[in-house]
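As a starting point, one isolated chain is supplied in C-alpha cells, in the form predicted alone.
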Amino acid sequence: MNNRPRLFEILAGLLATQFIVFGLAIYMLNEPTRIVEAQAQTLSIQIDDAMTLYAENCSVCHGLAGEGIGATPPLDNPALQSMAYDDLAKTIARGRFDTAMPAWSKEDGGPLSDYQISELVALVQSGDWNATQDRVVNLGLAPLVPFTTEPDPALLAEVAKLPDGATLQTAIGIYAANCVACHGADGLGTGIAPALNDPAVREKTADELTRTVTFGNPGTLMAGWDNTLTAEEIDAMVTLVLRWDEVPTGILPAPDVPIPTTAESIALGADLFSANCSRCHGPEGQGTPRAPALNVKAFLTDTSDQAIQQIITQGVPGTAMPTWGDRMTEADIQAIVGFIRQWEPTAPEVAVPTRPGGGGPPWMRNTTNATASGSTQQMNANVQGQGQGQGQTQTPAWWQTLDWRILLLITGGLSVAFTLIFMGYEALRNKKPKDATPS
C-alpha cells in the first residue's frame, strides 16, 4: 500500500507526457499548413494595399489593369512576373535612366517607403489585374484618355494630295495607334501631355524633335520611342509635327471610349443620381417637364460617355442644367455617367415624362424610387458578396488556431492538477484519526 502514491505519481507523469507528445504531434502536422495560410494572408494584405498604391501612382502611365499606355510598357507581363525580386524592387525604387520611369523610393526623392515598394512588387508578380482595374475605377482614378483612334478616311485621302502626302499618311496612322492616348485628338493635347499641333512646337528644329521622339523627355511622361518605332517612322512623325497646320482638322477624332465601371461605381452612381438628378430627369431618367429624358434610345445611342461627362461637369448654358463640376468630384460624375449608360440595353424608343415630385396615382408614387433603392441595395449586396469571395479568407476551424504553447500549458496544468489530486487523496487516506481523550 505504501507504493500506491508513487504509482499514481508515475501514472500522472506518463499521462502528462502523453498530452505533451500529442500536442506536439498536432502542432507538427498543422505547422506546414499554418505557414502556407499565414503567407497567403500576408500576401493578400500586401496586394490589397498595393492596388491602392497602383491606382494613386501608377495607373496614369501603365493603364487601368497594367496593360500599358503608349510607349509605357505593360506590367501585366509574364517576364515581370518571373523577374527576380531584387531587380524589380530596384527598378521601382530608383526608376530607369533615360525613360519616363521615375524613382519612387524616399531615399531617391520619391514618395514610397521600402515596404510600399515591396507591396508593389507583390502586385506585379502575384496580383489580380482585374481586381486592380476595379480598384482604380472605384477610386475615380481611371486614366480617361483615348487609347487609340481611327483617322477619318475621307480626310486621310485628302492628305495624300499634299506634298510628300504618303509620309504624312504614315505618320497619322502611327499617331492614331500610339500617340493619341497622351497628346489627344488632332494633336491638341490632354491633361497629361502637351499639344503637338501647336505653332510653338513647329518652331523647333527637326533635330530637336527627332531627339525628343527618339530618347524621350526626362522628367516628364514622354518616353523614348527608339525601341518601338523605326528611324523612318520617327522621321515621319517629325514631319507630321512640323507640318501639322497643313493637315485637315478632324482627321484624328477622339474615339468613343466607354467610362469603365464596376458594380460598386454603378451603385454609387445610382445613389448620386437619385439624390441630385432624379428631381429634374425623373427617377428612372424618363424625363420631366423640367428636363429631357436620359433613359431613351436616341440620347444614349448618339451621346458618348465623354459627352455626358462634359454636360454634367460644365452644365448647359441657357437651360436649367447647372454646372456640377464644382459640386462633385470627377469620380462622382463618372459614376453617374456609368449609371446612366447601363440603361442603354433596355432604353425605350420613346420616353414617357413624369411630373416632378412623383406625379400619377397615389399608389404609383415613389414606386420607382423604391425600386431604384432596392436595386442599389442589391448592387451593394453583390459588391459585398464579391468582396467576401475575393478579398476575405474562410475562418479556420478552432483546432487550427490552437498554438502549441497553449497545448503545452494545458497538458502541464493537467499534470500538476492530477499529481496534486492523487497526493491529496493519498494523504487523506493514510491520515490516522487522533485518539479521543477522556473528559
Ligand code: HEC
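In this text the structure is predicted, and so the values were computed from the model without any measurement. The first residue of the sequence shown is number 1, and the count goes up from there.
Missing here is the form predicted together with the ligand; even so, the following discussion is about that form.
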Would you check whether the ligand, in the model of the complex, lies within 4.5 angstroms of a non-hydrogen atom from each of P194, R290 and I312? yes
Though the ligand is not shown, can you say which of A270, I251, V137, M237 has a heavy atom within 4.5 Å of it in the model of the complex? M237
With the ligand left out of view, which of I259, A122, A263, V201 would have a heavy atom within 4.5 Å of it in the model of the complex? V201
Within 4.5 Å of the ligand in the model of the complex by heavy atoms, the stretch out of 225 to 233, 162 to 170, 149 to 157, 345 to 353 is 225 to 233
Taking heavy atoms and a 4.5 Å cut-off, does N57 contact the ligand in the model of the complex? yes
Find out whether any non-hydrogen atom of S118 is located within 4.5 angstroms of the ligand in the model of the complex, and reply yes or no. no
Taking heavy atoms and a 4.5 Å cut-off, does G189 contact the ligand in the model of the complex? no
Using a 4.5 angstroms cut-off on non-hydrogen atoms, would A84 count as touching the ligand in the model of the complex? no
Residues in 320 to 341 close to the ligand in the model of the complex, defined by a heavy atom within 4.5 Å, in order: A320, M321, P322, W324, M328, I336, I340
